[in-house]
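Quick setup: one chain, the form predicted alone, written in structure tokens, and binding and motion questions come after.
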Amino acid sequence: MSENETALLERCRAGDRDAFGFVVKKYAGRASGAACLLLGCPHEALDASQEAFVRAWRNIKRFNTSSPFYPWYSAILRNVCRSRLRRRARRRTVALTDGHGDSSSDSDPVLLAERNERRDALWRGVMKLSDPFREIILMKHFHEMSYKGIAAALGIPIGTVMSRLHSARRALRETLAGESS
């Protein structure tokens, strides 16, 4: 974490709303992406990330400015998303959007269909995982968080992160193998 971010977070703790606005701008995209992966709905994800920022602002005095902001915020966001998932009558599966366009494969309908089918199967497999497994897969592979960052966000030791990630990957492989047969 940079000195500038530490100073900005100190200003936030002192009640500076403008400083918190800079923090929100810095992490808004990452936060809504994380929420979208957990909730499967971009509109609901935006609402959830905004709700989590409001909760973070209300609790900013509890934040330790010597620690990175995002893992702390991520725990708040995860709790908001879990609450929203619990409120749903049943889970919906929504296709994961692919924001990376490759003009050669985008123009070939067969390749595009195959890529969409693989992407949808992967997303369905991830959504079938238990909450702890889905969460750790999303944090590591979709958010590209480090083991240390995941451990901080989940409040668990790094060894537990590695063990849970190993088990989650195995469960996902089994789910995907069952779906392809």
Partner chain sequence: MSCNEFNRMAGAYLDGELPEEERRRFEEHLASCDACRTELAELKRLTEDLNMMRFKEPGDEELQRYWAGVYNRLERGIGWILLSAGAILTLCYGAFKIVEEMIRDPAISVILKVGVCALIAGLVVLFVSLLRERLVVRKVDRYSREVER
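Residue numbers count along the first chain shown, from 1. What we label the rigid core is the largest C-alpha set whose atoms superpose within 1.5 Å from one form to the other. Note that the structure is a prediction, hence the values are computed from the model and not measured.
Keep in mind the form predicted in complex with the partner chain is missing from the figure; the text below concerns it.
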Practice item. Evaluate Cys41 for contact with the partner chain in the predicted bound form, applying a 4.5 angstroms cut-off between non-hydrogen atoms, and reply yes or no. Key: no
Check your understanding: Is there any non-hydrogen atom of Thr65 lying within 4.5 Å of the partner chain in the predicted bound form?
Key -> no
Check your understanding: So, in the predicted bound form, is Lys128 in contact with the partner chain at a 4.5 angstroms heavy atom limit?
Key -> no
Check your understanding: According to a 4.5 angstroms non-hydrogen atom cut-off, is Phe53 in contact with the partner chain in the predicted bound form?
Key -> yes
Check your understanding: Looking at the partner chain in the predicted bound form, which residues in 109 to 123 have at least one heavy atom within 4.5 Å of it?
Key -> Val110, Leu111, Leu112, Ala113, Arg118, Arg119, Leu122, Trp123
Check your understanding: Would you say Arg170 moves between this form and the one not shown, meaning its CA shifts by 2 Å or more once the core is fitted?
Key -> yes
Practice item. Please say whether, between this form and the one not shown, the C-alpha of Ile158 moves by 2 Å or more once the core is aligned. Key: yes
Review point. Rigid core fitted, then: does Lys140 show a CA shift of 2 angstroms or greater between this form and the one not shown?
Key: no
Check your understanding: Given that the CA-CA distance for Arg115 and Ala35 shifts by 3 Å or more in the predicted bound form, does it become closer or farther?
Key -> closer
Revision key, fill the gap. In the predicted bound form the CA atoms of Gly33 and Met127, compared with here and shifted by at least 3 Å, lie closer
